[in-house]
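Read the single chain below, which is given as structure tokens and is the form predicted on its own.
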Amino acid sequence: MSRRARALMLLAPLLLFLGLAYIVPFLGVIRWSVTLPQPGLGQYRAALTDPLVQSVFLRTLRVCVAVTAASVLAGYVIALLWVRGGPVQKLLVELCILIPFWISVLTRAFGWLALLSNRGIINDWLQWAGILHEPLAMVRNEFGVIVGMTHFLIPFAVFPLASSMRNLDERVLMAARGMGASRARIFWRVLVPMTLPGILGAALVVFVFALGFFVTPAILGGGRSVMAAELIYLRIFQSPDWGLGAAISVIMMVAVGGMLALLLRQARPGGGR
């Protein structure tokens, strides 16, 4: 038996499970989108032309772009400390990366709610210190959603960035230092361009994850910053508009599939050229 045949036999149970658990239900969602409440593509037309759905799509895109930018920026600094820092720095960074994975997304969202709400810890402290006279509105809006999502997604940005930094050719950095380049010049002209594939990979991973966020926007947005995943939930479970909810789901899946295809293409050797 060839190596490829043995690999397919080993993968067959996993592929069967994925097909039953994901593909078959998704085919049912596609069927809903073209049959409810009546056959046709009317629900897709409504999803792409309805002002409410369009506003949710634009908000989702806006929030995802902001979260991606903040996560990649913070993740780059953390990855730099993790890869090029001293032993103590590396240990602290590893703890900061790994500990959040032990805390559920629901607990994190309620933790940020306790910190950012009008009567939360941050507003209480700022008012006690005399810096503010009225509490800042940091939840039930896009700001709170962005903060909560960024906190959750930073570790997912760190891993591809750290992998890209570890694969750097140190001789290039040494040559730049030997030619008298300053640290800032080495960073912007050498390090950042050489880690650009990691930056793009981290941005795509974070953006794809952010598109499907539900719990954090629902809690920190307070129903005022509805994103696509929450809108699907509302259409499926709190209103009889299953067809529109299914159509939005299919549109989101197509968008995520396109992002994943771009990520896989970027991950291949020479894929970025």
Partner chain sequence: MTTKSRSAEIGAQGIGKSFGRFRALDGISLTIGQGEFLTLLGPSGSGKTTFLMVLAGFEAPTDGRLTLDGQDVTAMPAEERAFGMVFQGYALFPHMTVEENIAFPLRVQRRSAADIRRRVDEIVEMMGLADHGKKRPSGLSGGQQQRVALARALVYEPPVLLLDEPFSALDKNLRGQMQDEVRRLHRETGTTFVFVTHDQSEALALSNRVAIFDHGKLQQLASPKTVYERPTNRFVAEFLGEINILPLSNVRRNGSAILGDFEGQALHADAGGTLSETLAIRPEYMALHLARPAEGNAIAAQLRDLTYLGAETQLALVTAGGVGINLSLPTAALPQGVATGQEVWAAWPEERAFFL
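Numbering follows the first chain given and starts at 1. Fair warning: this is a prediction, and the values are worked out from it, not measured in the lab.
Another form exists, predicted in complex with its partner chain; not displayed. Remarks below refer to it.
Asks: Out of Leu91, Leu132, Val190, Ile122, which one falls within 4.5 Å of its partner chain in the predicted complex, going by heavy atoms?
Replies: After the contact test, the surviving option is Val190.
Asks: Work out which of Leu73, Ala137, Ala181, Leu126 lies within 4.5 Å of its partner chain in the predicted complex, going by heavy atoms.
Replies: Of the candidates Leu73, Ala137, Ala181, Leu126, Ala181 is the one lying within 4.5 Å of its partner chain in the predicted complex.
Asks: Would Ile154 count as a contact of its partner chain in the predicted complex, using a 4.5 angstroms cut-off between non-hydrogen atoms?
Replies: Flag for Ile154 set to no.
Asks: Evaluate Ala162 for contact with its partner chain in the predicted complex, applying a 4.5 angstroms cut-off between non-hydrogen atoms, and reply yes or no.
Replies: Close contact is absent here: in the predicted complex, Ala162 is far from its partner chain, nothing within 4.5 Å, heavy atoms only.
Asks: Although its partner chain is absent from this view, report whether Val147 comes within 4.5 Å of it in the predicted complex, heavy atoms only.
Replies: Contact with its partner chain, no.
Asks: Is Arg166 a contact residue for its partner chain in the predicted complex, using a 4.5 Å heavy atom cut-off?
Replies: Answer no; every heavy atom of Arg166 is more than 4.5 Å from its partner chain in the predicted complex.
Asks: Since the chain is shown here on its own, which stretch among 170 to 178, 154 to 162, 137 to 145, 199 to 207 would lie within 4.5 Å of its partner chain in the predicted complex, judged by heavy atoms?
Replies: Only one stretch passes the 4.5 Å heavy-atom test: 170 to 178.
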